[in-house]
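Given next are two forms of a protein chain, the same chain in both, each as C-alpha cells and marked structure 1 or structure 2.
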Structure 1
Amino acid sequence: MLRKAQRRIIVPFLLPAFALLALFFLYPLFRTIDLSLNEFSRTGTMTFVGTDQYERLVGDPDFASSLKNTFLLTIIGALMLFPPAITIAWALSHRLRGERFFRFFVFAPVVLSVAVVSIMWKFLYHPTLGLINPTLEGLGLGALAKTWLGDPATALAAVTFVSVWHGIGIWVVLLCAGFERLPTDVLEAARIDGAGEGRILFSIMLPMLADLLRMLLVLWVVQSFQAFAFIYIMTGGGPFGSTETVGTLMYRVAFDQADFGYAAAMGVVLVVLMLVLAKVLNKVMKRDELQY
C-alpha cells in the first residue's frame, strides 16, 4: 500500500530538478559532442565533418601547449597544495590556543570571489606598485624580485599559487575532518611506544588517510582541469601563451574566432582526458579499504 502510494510522487517530485538538469546541463553536454563533429562557416551554417576537428587538434601547436600548461598547472598546484594543506591540518589537529582564529584566516580566502582574489593578487604581484617585490627589496632579497605575471617562466606558477591560496581552506577543512576521525587509541598506543609526532604522522596518520588523500587528489585534478577565471582575469593566457590552458583557449576559439565546433572538440578531449586520469589515479592509489 505504502509503496504503491509512494510511487505516485516519483515523477512530480523529480520533474522540476530533472527538467533544469536536462535543459541546462544534459542537453548542452550532448550538443557539445554533436558540435565537435561539425564545422561552422563564417555565415553560420553547420556542416557535418566527422572527426575532422579532432584530427585538426592533433596537429595544433596551440592546443598541445594549452594541454601541456593544463597538466603543468595540475602538477605544480598539487605540489603547492598538498604538503602545506596536510601540514596546516596536522597543526590544527593539535588543539592549539587560538584555533578558531587560525581556522578563520586559513579558510577566509575561500569565501571570497575568484574575481576579487585575482584582481587583488594581480596588484600584489605588480613589480613596483604591488606588495611582493617591494617587500622582498625591503628584506634585502631584491634579487628574488621578478615581474611575476609578466615573465613566461614564472607566470603559470604565480597564477597557480593564487588558486591554491584561494582554495586551500577547503582542503584543510576536509583533511581536518579526516584527522579527527582517526581512532585516538591507535595514536595513543604509538605515543606510549615512544614514536615522535613526525613519525606518527608519516607512519600512521597519512597511511590511514590514504583513501581521503586519493579522493582529494582526484578532486584537485577535476578542479584544475577547469581552470579558467584566475587565468582569464590575471593574465588572459599570456605572456606568450605561457598560461593558456585548455579552458581559456576554448573560450577564445569560440568567441574570438567563432569556431564553435573546434572549441567543442577541445572540450570533449578535455573531459575524456580528465575522466581517464581520474580513473587511473583511483586505480593506482587504491589501497585495501581500512575499517576503523
Structure 2
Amino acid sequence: MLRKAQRRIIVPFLLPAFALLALFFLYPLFRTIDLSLNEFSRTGTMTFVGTDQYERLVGDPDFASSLKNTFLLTIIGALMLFPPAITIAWALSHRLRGERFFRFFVFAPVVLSVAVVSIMWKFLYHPTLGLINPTLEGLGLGALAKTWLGDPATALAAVTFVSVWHGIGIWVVLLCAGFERLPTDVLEAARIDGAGEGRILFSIMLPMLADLLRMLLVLWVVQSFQAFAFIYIMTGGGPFGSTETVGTLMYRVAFDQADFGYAAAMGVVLVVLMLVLAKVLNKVMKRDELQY
C-alpha cells in the first residue's frame, strides 16, 4: 500500500525526465535506425534496402580501420588518463601547500573550447614552428623530435594526449570527491598499524573507490567512442587514415558523400558497441557494495 502511494508521488516527477529522454535520445535513435535501413540518392529520395547497409559494413576496410583506431584511442587514452588522474587526486587529498593553485592549474584547460585547444596544440606540435621539437632539441633530446601529427605512428597518440590534457581536470575533481568521502578512521588505523601511503592507496583507498572507478571507466569508453572534434580539427582523420575513427568516418560519409543511410548504419553499430562494452565493464568490475 505504501509502495503504491510512493509510486503515485514519484511518477509525476519522473515524467519531465522521461519526456526529455524520449525527445533527445529515443526519437533520434529510432530515426537513425530507420535511416540505416534506407539508401539515399543524390536527389535526396529514400529507397528501403533492409539490412544492405549493415552487410556493406562487414566488408568495408575503411570501417574496420576506423573501428580499430577507435578502440586504440580508447585504450591509449585510458592509459594516459587514469594513472595521472588518480595520482594527482591522491596527492591533492593530502592537503598539500598551494592545493588550490594546483586544483586550478589542473582544471583550467577544461574551460577552454575544443577548437581553441586543438589549434593551440596543432601549433605546439608543428615540427619547425612549434615548441615541442625545439625544446627537445634544446635539451639534447633531438632524437625524440617527431612530425607528431604527420607521422601515422604518432598521430593518434598525439591527438589522444590533447584530448586527455583538455579533460583530465574533470576526472581529477571527481576522484578528489571520491577520496574525500573515504572514512578517515580507517585510513588512520592503517597508518597506526604501520602501512605506508602507497600500501594504503592500493590496498584500501582504490578498492573502496571501485564503484567510482568503474563509472569513470564507462564514461571514458563512451566519450572516446564519440571522439570527433579533436581529430577533425587537428588531423582530419589523416595521415593515411591513421586517426580516422568511426565518428569522423561517419561524418565524411554523411556530409561529403551524402550517403546518409550508410552513415546511420555506422552510428547504430557504434551505439550497440558502446552499450555492450558498458554492460561488460559493469559486469566484470562490479564489486560488493561497501558501507562506510
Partner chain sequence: MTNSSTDVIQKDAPMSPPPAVEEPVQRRKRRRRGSTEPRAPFRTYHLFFYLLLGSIVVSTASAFAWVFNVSMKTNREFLATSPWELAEGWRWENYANAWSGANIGAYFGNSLVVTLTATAVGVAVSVVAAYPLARVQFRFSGVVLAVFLMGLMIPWMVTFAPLYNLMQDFGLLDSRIGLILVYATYNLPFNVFVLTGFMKTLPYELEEAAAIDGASPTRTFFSVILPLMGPGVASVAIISFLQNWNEFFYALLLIHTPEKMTLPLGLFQLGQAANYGTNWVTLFAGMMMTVVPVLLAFALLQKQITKGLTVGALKG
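All residue numbers here follow the sequence of structure 1, with the first residue given the number 1. Keep in mind the model is a prediction, meaning the values are calculated, not measured. We call the rigid core the largest set of C-alpha positions that still match within 1.5 Å between the two forms.
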Either 1 or 2, the form predicted together with the partner chain: 1
Determine, after fitting the two forms on their core, whether I10 shows a C-alpha shift of 2 Å or more between structure 1 and structure 2. yes
After core superposition, I'd like to know whether V272 moves between structure 1 and structure 2 (criterion: C-alpha shift of 2 angstroms or more). no
Hey, core superposed, how many Å does A19 shift at the CA between structure 1 and structure 2? 7.0
